[in-house]
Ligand code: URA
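In structure tokens, one chain follows: the form predicted on its own.
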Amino acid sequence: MSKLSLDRVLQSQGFGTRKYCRALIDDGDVAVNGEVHDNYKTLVETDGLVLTVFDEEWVYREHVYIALYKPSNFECSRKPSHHPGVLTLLPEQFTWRDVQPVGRLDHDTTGLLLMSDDGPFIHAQSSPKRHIPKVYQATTQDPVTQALVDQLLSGVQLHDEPAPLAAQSCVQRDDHQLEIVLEQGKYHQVKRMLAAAGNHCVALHRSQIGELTLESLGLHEGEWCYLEQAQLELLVPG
């Protein structure tokens, strides 16, 4: 249980600067659990708090954990250079509260992307020491062969890696498609492993992180949702 002044609550939820939040409250644009408050010094209990700002409801969350179905041609960066950033797919409040992608997907890679404003969570999910498996569907330029599958399972040598990298599992799904499971999370790893094995990746999609699947979330491209505790537990290695 904790109480914060109403302006601090609004600022913590990404509604802008303290000055702007106070102006919203002064103007009567903020309700707490359905009751309008116009005194920014009002102390409110954050547990179970539901804010209404400009007639839109927001549940108070100390931190946000988000799953996004990333479309192609969006960059996983707060300062994108050639394509729109993934944060443009989320409400503006998330930018204010410093939500960041957990790891990276290339601009042309689609699929499941985690985002959060919880630093320790981001670090833990990004750490290779956690051995969190990630499932990818890779479309290849040349036909898939058993030799290619065997090579990816046994390990391929990348230029900047001291030892060969191997897929945790690799299954042929079609003439030009592989399902690859990786734990390491190296830079451009799927694409570079396929290139090192003599093929080329022409499309890449991430469908699963840990035991959390994109399908179970019911998202379409460009859509997002909050992750609740039961879903977060699926991200913990077994």
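Numbers follow the displayed sequence, beginning with 1. Remember, predicted model here, so these are calculated numbers, not experimental data.
Only in words, not in the display: the form predicted in complex with the ligand, which the text now covers.
Contact with the ligand in the predicted bound form, defined as a heavy atom within 4.5 Å, holds for exactly one of V190, L212, A197, V44, namely V190. Distance criterion of 4.5 Å from any heavy atom to the ligand in the predicted bound form singles out L204 from the list V32, V53, I66, L204. This chain is displayed without the ligand, yet in the predicted bound form the stretch 102-110 from 122-130, 102-110, 163-171, 148-156 comes within 4.5 Å of it by heavy atoms. Contact check for Y136: a heavy atom falls within 4.5 Å of the ligand in the predicted bound form.
Annotation for 18-56: no interface residues with the ligand in the predicted bound form [heavy atom within 4.5 Å].
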